[in-house]
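Below, in structure tokens: the form predicted on its own, a single chain.
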Amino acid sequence: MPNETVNSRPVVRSGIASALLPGLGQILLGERYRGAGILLGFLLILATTLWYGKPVWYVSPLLIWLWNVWDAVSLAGGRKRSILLPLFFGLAAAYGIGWQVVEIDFSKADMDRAMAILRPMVRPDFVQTRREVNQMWVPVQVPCSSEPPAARREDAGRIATVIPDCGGVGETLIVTVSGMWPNAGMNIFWQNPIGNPLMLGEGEITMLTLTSDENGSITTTIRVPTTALVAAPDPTLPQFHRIYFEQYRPTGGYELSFIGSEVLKGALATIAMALLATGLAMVFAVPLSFLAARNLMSGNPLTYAVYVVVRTLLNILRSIESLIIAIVFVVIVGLGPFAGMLALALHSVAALGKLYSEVIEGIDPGPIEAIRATGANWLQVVRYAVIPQIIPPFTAFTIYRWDINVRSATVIGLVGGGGIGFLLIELIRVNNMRGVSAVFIAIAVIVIALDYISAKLRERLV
């Protein structure tokens, strides 16, 4: 009887301690990390439920508290309980609160609108029946300068004019074209300075289509599109836009459609952006990686200070998403693939520099010590002991980064960084779902193909 009383004291003491402060009983029994984890988990779930303020979720910290007491008592008796049960309670509360915070409500789904979007996407706009094209365009300045040039152009008997010669966003222009095919349909659309088409039809989401008269002429009014100066580096700077007039005649067979050709151009631009950005980043990342390698730069206080500075700069650059960097470069150098390439390159310098430096830090130290023992300087150590060990992993990481940059390039285009992403956002803006479908397919093909190629190359190198 006295022995049973003595043995029950730790059980009671641990249970009371954990009841007063979750995890305290476990700490008193020597399980410091377990007790600290229970306390932090309990406080986190309690703070989350109190912050959200829904009484129904208060049951989760209560159950964790009860389990904590049970665990302390069991631990005092020599048995350790699984943490899966409190983990389940915490995740259930987190998932339930997250469900309500996101405001998931499937009743809000508009299936008619969804079908209106999805139905045209099953017919991607890649090819069309082969046809003869009769095209004419005229330049127009937006916005107006002090002395705008005449908005008039002649080509092979065709004449196109715009009155007035310039305009601001939303202003009305009178456009006239003559010498086109008579009694035939004609598409009229706007093209901004970087070559992206903008619709002029109703709501600026449909193509403006008219029919020429018996002389092949058309006169109509249009408005300068509201998106004509979107993301322009300086909207007050006059730039030359174009108004296009296009007619088509079927000639039999099939060919790439206008959207299909734009998709291919965008895909090639995206791949080129990623390739150039990766190559440029590699040039800067390789020397920086040696300065960011601890095993090479910890020899004396000066080199160690250089290591800390370079490593910090790489971490800062790597923490800024390339999409944000692209917005900055769009302002600096304007819209187009150049801004996207610079953003990808800057972010890749930091990413590759970090990866390269970790490769250097993980190399075999034996050759380094052997070369240093001969009295070699820092450059000789790098040349004969480090470089031979790092070439294969450096090459593999570079190919992998190119793969990542191809995917990132599609997103950077959404903020004006050029490539297929820029085309995608323009097609979404004009509600051209067939074109959007074509872009989705092209992006998927590019990513899958390059992922396969880069994986095979890495297998051979590593």
Partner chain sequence: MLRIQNLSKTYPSGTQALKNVSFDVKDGEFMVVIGLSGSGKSTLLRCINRLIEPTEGKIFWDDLDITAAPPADLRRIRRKIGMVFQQFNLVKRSTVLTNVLSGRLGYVNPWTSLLGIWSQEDRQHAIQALERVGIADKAGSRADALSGGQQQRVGIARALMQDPKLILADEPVASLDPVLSHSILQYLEQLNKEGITVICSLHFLDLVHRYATRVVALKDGVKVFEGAAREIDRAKFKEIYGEEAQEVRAASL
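Note that the rigid core is defined as the largest set of C-alphas that superpose within 1.5 Å between two forms. Positions refer to the first chain, counted from 1. Keep in mind that this is a model prediction, so the values were computed, not measured.
Omitted here: the form predicted in complex with its partner chain. The next part is about that form.
Checking 233-241, 388-396, 149-157, 130-138 against its partner chain in the predicted bound form, the stretch whose residues place heavy atoms within 4.5 Å of it is 388-396.
The single contact residue among Arg318, Arg294, Lys80, Arg372, judged by any heavy atom lying within 4.5 Å of its partner chain in the predicted bound form, is Arg372. Checked against its partner chain in the predicted bound form, the residues Pro250, Gly170, Gly366, Pro301 give one hit for a heavy atom within 4.5 Å, which is Gly366. Mapping the unseen interface onto this chain, Thr221 falls outside it, with no heavy atom inside 4.5 Å of its partner chain in the predicted bound form. None of the heavy atoms of Arg119 is located within 4.5 Å of its partner chain in the predicted bound form. Shown alone here, Arg383 lies within 4.5 Å of its partner chain in the predicted bound form, counting heavy atoms only. In the predicted bound form, its partner chain stays beyond 4.5 Å of every heavy atom belonging to Ala109.
In this overlay on the rigid core, Val331 has a C-alpha that sits less than 2 Å away from its partner position between the shown form and the other one. The rigid-core alignment places the CA of Glu358 less than 2 Å apart between the shown form and the other one. Relative to the superposed rigid core, the position of the CA of Ile368 differs between the shown form and the other one by 2 Å or more.
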